[in-house]
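Two forms, one protein chain; structure tokens for each follow separately as structure 1 and structure 2.
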Structure 1
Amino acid sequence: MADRIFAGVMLVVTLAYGWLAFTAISAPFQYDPLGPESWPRILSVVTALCFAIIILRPDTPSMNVARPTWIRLSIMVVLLIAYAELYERLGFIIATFLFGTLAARMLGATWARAALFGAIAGVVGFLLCVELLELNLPRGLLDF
């Protein structure tokens, strides 16, 4: 069933991709026998056929993920989105400290150890990357 749902959604995406290839993409003039639209057309047909086969003959019945795991995965996604959102605003050190602490705590570390991990990841990560390796990371609030 999981297979069918996924393949169904992807089939719609593929058909949209194919529809664009067959209608929208065209070069004003071209010398090649094969224009920019031919290759996407071929791909869309092959891919659509493959998804159709998967819908007819699925082989993975379910995602097999327990409810607590779903919850943990959702929390992780939320944490990651927050991390991305705050990355520039708070800067690497603070954002990484918050993300590292909360993520490690959520995954089973104690509060104290999680906070220590977050602090080390933020500060050492920043010093290592910015000072030693000269990579570009946001300073955010700690812009000095």
Structure 2
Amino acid sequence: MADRIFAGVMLVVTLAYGWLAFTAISAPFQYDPLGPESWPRILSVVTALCFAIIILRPDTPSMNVARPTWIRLSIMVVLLIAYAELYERLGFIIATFLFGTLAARMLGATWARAALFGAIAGVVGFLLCVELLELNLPRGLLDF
């Protein structure tokens, strides 16, 4: 029952967000066909559908989540907040390297493999976004 109550509250929040996305967000010009207005709209529709599915599906018998899982989830939230804060300052590559390394380490990788994953995610992700998608990502400390 708790998941349905949570989904109901979040559905109300999502509908309010969707109302703002469809009525208040307006860009003076668009770089691409989707434009900056479309993403909040798409996000609100998909999120509202997901919460509606949670409300309509049968209840799970219990939500027993072990304490270590809550700790890992809390650490991941802190890592995501740190990534968002450091993204502009350090740049995409360094921030993604740090986040990828720590997240992989938290999931059980050795330090060497975690660092390798973080480096590949940072560099390959940067090159894919900049060269293939032509996105303007922050370069931060690696401003070249």
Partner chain sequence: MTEVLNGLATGFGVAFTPFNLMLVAFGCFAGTLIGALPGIGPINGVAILLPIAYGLGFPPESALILLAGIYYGAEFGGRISSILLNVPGDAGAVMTTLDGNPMARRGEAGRALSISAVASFIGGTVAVVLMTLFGPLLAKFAVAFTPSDYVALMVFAFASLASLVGANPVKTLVGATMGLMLATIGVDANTGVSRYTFGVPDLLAGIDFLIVVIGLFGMAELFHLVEQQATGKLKTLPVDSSFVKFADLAFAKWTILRSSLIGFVIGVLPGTGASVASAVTYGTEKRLAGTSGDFGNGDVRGLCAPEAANNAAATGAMVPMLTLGIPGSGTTAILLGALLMFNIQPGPLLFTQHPEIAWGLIASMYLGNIALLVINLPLVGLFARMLTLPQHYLTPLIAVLAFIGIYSIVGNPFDLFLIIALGIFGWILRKLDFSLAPVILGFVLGSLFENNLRRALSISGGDWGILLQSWQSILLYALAIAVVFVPIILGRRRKAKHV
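Keep in mind that what you see is a predicted model, and the values were worked out from it rather than measured. Take the two forms, superpose them, and find the largest set of C-alpha atoms that agree within 1.5 Å; that set is the rigid core. By convention here, residues take numbers in order along the sequence of structure 1, the first being 1.
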Selected structure - the one that is the form predicted in complex with the partner chain: 1
At a 2 Å cut-off on C-alpha positions, does L20 qualify as shifted between structure 1 and structure 2 after fitting the rigid core? yes
Did M10 shift 2 Å or more between structure 1 and structure 2, C-alpha, core superposed: yes
